Every structure is written in structure tokens, then in C-alpha cells.
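Starting off, we have a lone chain in the form predicted alone, written out as C-alpha cells.
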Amino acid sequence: MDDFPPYPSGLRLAGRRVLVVGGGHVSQRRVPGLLACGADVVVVSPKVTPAIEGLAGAGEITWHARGFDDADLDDAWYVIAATNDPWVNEQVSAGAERRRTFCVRADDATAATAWTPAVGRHEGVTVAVLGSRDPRRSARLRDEIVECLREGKLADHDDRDATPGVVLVGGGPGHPDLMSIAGRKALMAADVVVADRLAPRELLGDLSSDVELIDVAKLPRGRSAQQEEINRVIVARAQAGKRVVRFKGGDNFVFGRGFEEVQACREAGVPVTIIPGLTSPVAVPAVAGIPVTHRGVAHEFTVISGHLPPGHPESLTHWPSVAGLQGTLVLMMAVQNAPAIAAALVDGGRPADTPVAVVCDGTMATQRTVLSTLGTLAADLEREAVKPPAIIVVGGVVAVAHPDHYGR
């Protein structure tokens, strides 16, 4: 019998009795999957893990705190023998055989009448892999298949959502591996992609040749004029029956002007959805090994746009108040105005020796960190020839991450 492959089949266990004999870690791994299928799970074991006991206490399963009895097999549609005693497992298996009930043997797959596949699910599709009784091989293949499904690499293009409208996709801090699966799938389903300079550019190479790619950097100059043109383009393409992805770096709603695009779509009656991205002011310092909070050092952090210098008439930031904050400051788009900002913070009461880290090209191959203080920041930026994009972290957390540099 071992020379024949198993016959794959999908069991519909909702409302049907499934017997699990044994309450150890094997059972703990199997029971949640059975519950997800709606099975009526009965566990028989003198002792169980705390997780299984918790399921029993919550009424999700039935637990008989005793040894196996042949009568436990009555009315069972499916059986798992998962004790650490081969003799007990054999009794369970033999009793199931007499009742013509399929039985999984955790200790000896060759003596079983059923095998448990490595299972993954994605959007109504169940993937089950049997790797010739090699569970690690099965799990590896399962993971690869499910990942491809999630990323849209293993789906018929006709199955992808092609509804006309606009999808705002946050691409994360820059490295393509740090973009969400939902964002990748939206890109692969797009008819038109309107991309920012800081969006993960490597992913654009995966687009189909028939996808229209619009580079925002080539639109009219000036922040207001450019944003108006972006709004016009995404609305016009969607009204033409296209599925448009507005592809940004970081997150749509953190200094990304994403909600202005939402408003433009809503005013035009264009359907719009949002897929958030991993936000750069938290993710980039983390990748550089700098926490934005740390127990006993900073219990808060503030993210501020530095694209306008202190004192600018259009600036909404009250720098004297910011200087009085005790937590971490994370400055975005602030390289050009960093010297003026540092001076304003010192004038407002922040010590000149406050640690500062400038993380350049965060998450990219060219990433580097320049360590400084508020008092020396202007000179250090010039000496290190720091250029955007960079994220500036101000506060004691920088010294926590680099104690040797700051002598702490």
C-alpha cells in the first residue's frame, strides 16, 4: 500500500464529530484548524496543554479528562491519534479501521489511513500539500504557493479586481520587501499606475507591459500645481474605466497628501480605497536600530514636517512648544531646514548636546546613519554631504541605540 500515492479529497467537517486522542502539542496544532472548518471537536486525554484547556473552558471543544475508550470512536467522522504512546495510537487506529473511519496517526504515518496536509488559505482558496510524508517539504511548498497567491503572482489576471476606480497604495519606506501584500496585489491589478519618486521603484519593473505608468516627478512644477494635476489625472483615468493605483512612498496619510486625493475622487464620484503603507518615521529609525520610544527615556514621539523653516508664515508648527516636549522628535523632509530647526529647538530650551541621528536613504542599499547633536547638526550635515531623503531623530533614544558614541 505504501507504493500508492494518497487520494486527495476535501472533507466538509462542519457540525460533524471529530475525535482527537491526546492533548499534547500535536493536538494543539491540529485543533484550531478543525475548529476553523466548523468541526465538533472532542478531545480525549488525561492531560492537555493550557491552550487546549482554554478552548475547552471557552466551550469551543469538548474535553474528556481520561484515557481513550473504544466507544469514543462512535459517531466520529474523522479521527486523529496523537498520544505519545504507540500502543494507544494503535488501539485508536484499529478501532477506526473497524468502523471504516479515516484516522491520522501522529506517530506512524505508514500505519494511518489518512495524512494531514500542510494547509494554507487565501481569499476562499484552500491549498493543501502532501510531500510524501515529509512535513517540512510540504510546509515549504505550501508557504511558497500561498505567498504567490497573496502577491498576485499565481492568479489568472481575469480573477483580479478590475473595477474602475482609484486605489491609494502606500509603498512603505522604500525597500520592496517592506511593502504590504495588499499593496503588491493592487499594483498587479492596475491599468494605470501614478507613482511617486520615493515609491519602491523596483516593483514597477514587475508591471505588465500594457500598464500605463505615469511618473509624478515629470508633472508640472510647484507643489500646488503638481497636486492638482495628480488629482486630475487619477480622476480622469478612473472615469475612463481604468483601475488606477496612486503609488506613494511611506504611508498615504502621513505627509503624503493622500486625503487630498481622496477628496478629489469623492467630489468627482470616483470610487476610492486606501491601502496604508508602513510609515517611514517609525520604520526607518527601526531599521537603523533606533527606537522612537524606550522605557525610562521617551514615552512619546512627535512626527513633524520640516519642509518649512521655523518662522515661515505658512508653517503650522509652534517650535517653542515643540522644544518643550520631553519625548522623541522625528523630522520628515527636514534636511534643508535642519540647521534652523536645531537652532529653534535649542533657543526653546532643548540642550545643545541632545543626541540626533540622521538616517539617509532608509531601508535602501545606500542607507547610512549620521550621528550628531542639536548644537553640531548644521556642521555635521555639511561635512557628511547629507542629501534628501533622510529622516532626523532627535532625543535620548539615539543615545540608547548608540551609547558608545555619546558616552552613555
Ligand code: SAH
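Residue indices: 1-based, along the sequence shown. These numbers come from a predicted model, not from an experiment.
The next section is about a form of this same protein that is not shown, the form predicted in complex with this ligand.
- With the partner left out here, this ligand still marks one of 82 to 90, 251 to 259, 231 to 239, 116 to 124 in the model of the complex; by a 4.5 Å heavy atom cut-off that stretch is 251 to 259.
- Although the partner is absent here, residue 391 is a contact residue: one of its heavy atoms lies within 4.5 angstroms of this ligand in the model of the complex.
- Remark: residue 70 does not count among the residues lining this ligand in the model of the complex, judged by a heavy atom distance of 4.5 Å or less.
- Looking at residue 359, you'd find a heavy atom of it within 4.5 angstroms of this ligand in the model of the complex.
- Taking the partner from the other structure, this ligand in the model of the complex has no heavy atom within 4.5 Å of any heavy atom of residue 138.
- Checked against this ligand in the model of the complex, the candidates 352, 35, 42, 364 yield a single residue with a heavy atom inside 4.5 Å, and that residue is 364.
- Only one of 270, 186, 198, 322 lies close to this ligand in the model of the complex, with a heavy atom inside 4.5 Å, and it is 198.
- Of all the residues from 261 to 282, those having a non-hydrogen atom no more than 4.5 Å from this ligand in the model of the complex are 279, 280, 281.
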